[in-house]
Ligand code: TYD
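For reference, the chain that follows is the form predicted on its own, supplied as structure tokens.
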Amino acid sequence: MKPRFITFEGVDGCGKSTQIRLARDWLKSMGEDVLMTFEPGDNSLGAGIRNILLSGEHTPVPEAELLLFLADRAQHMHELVLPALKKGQWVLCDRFTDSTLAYQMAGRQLDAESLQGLLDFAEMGARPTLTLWIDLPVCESLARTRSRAQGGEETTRMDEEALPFHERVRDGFKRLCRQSPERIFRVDAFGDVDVVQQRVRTVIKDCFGLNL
């Protein structure tokens, strides 16, 4: 049986966090055992790392930023992801290595090839079976982020990056999708939330041969 490890990726504001919650609820309604988790921050060390990375109180240099994300991932894998996969649970993760490649490698323009060993080390041998790239043009994603901020939702240091950074991040996701078509599937984020969720479910059903 394929490892039931699904990651949800995309630029900030694309709606992936909503879609992962809906996918979890759908799978659980069918009697499936599901762990929904996220990066960075969902582990014993992660809250502190997340605050350093996203609060804006500190501005790590790109190399330090990368290593902080990887430290969070290694702890996350050890504490949550690997034990859940070992038990046969579905693991739905909001961001994983593809975010590192898109944000730190493409967005920050670090050298992905020379750092691949570090990425592999932090994953601890577990690769997603399926990655859902919830794709939205940057102009729309930033408009959604601004709207949420005006509604009182807290923004992060990443949200406040300049437009070229966000464009490089989306281009990074595009390249990853082209490079790994057997794993990464683009999901159009335009449309009603429920319509997008149906697209998500179709990809999951096809990938895992589900009759749900």
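Because the structure is a prediction, the values reported are computed rather than measured. Numbering starts at 1 and follows the sequence shown.
Quick note: we don't show the form predicted in complex with this ligand, though the next part is all about it.
Quick one: which of 110 to 118, 69 to 77, 82 to 90, 126 to 134 gets within 4.5 Å of this ligand in the predicted bound form, going by heavy atoms?
-> This holds for exactly one stretch, 69 to 77.
Is T202 close enough to this ligand in the predicted bound form to count, meaning some heavy atom within 4.5 Å?
-> Close contact is absent here: in the predicted bound form, T202 is far from this ligand, nothing within 4.5 Å, heavy atoms only.
Hey, in the predicted bound form, does L54 get a heavy atom within 4.5 angstroms of this ligand?
-> Yes, L54 is a contact residue.
Given that the partner is absent here, does T156 sit within 4.5 Å of this ligand in the predicted bound form, heavy atoms only?
-> Although this ligand is absent here, T156 would touch it in the predicted bound form, with heavy atoms inside 4.5 Å.
Close approach of Q104 to this ligand in the predicted bound form, 4.5 Å, heavy atom | So Q104 counts as contacting this ligand.
Counting only heavy atoms, which residues in 86 to 108 are within 4.5 Å of this ligand in the predicted bound form?
-> Residues within 4.5 Å: D94, R95, F96, S99, T100, Y103, Q104.
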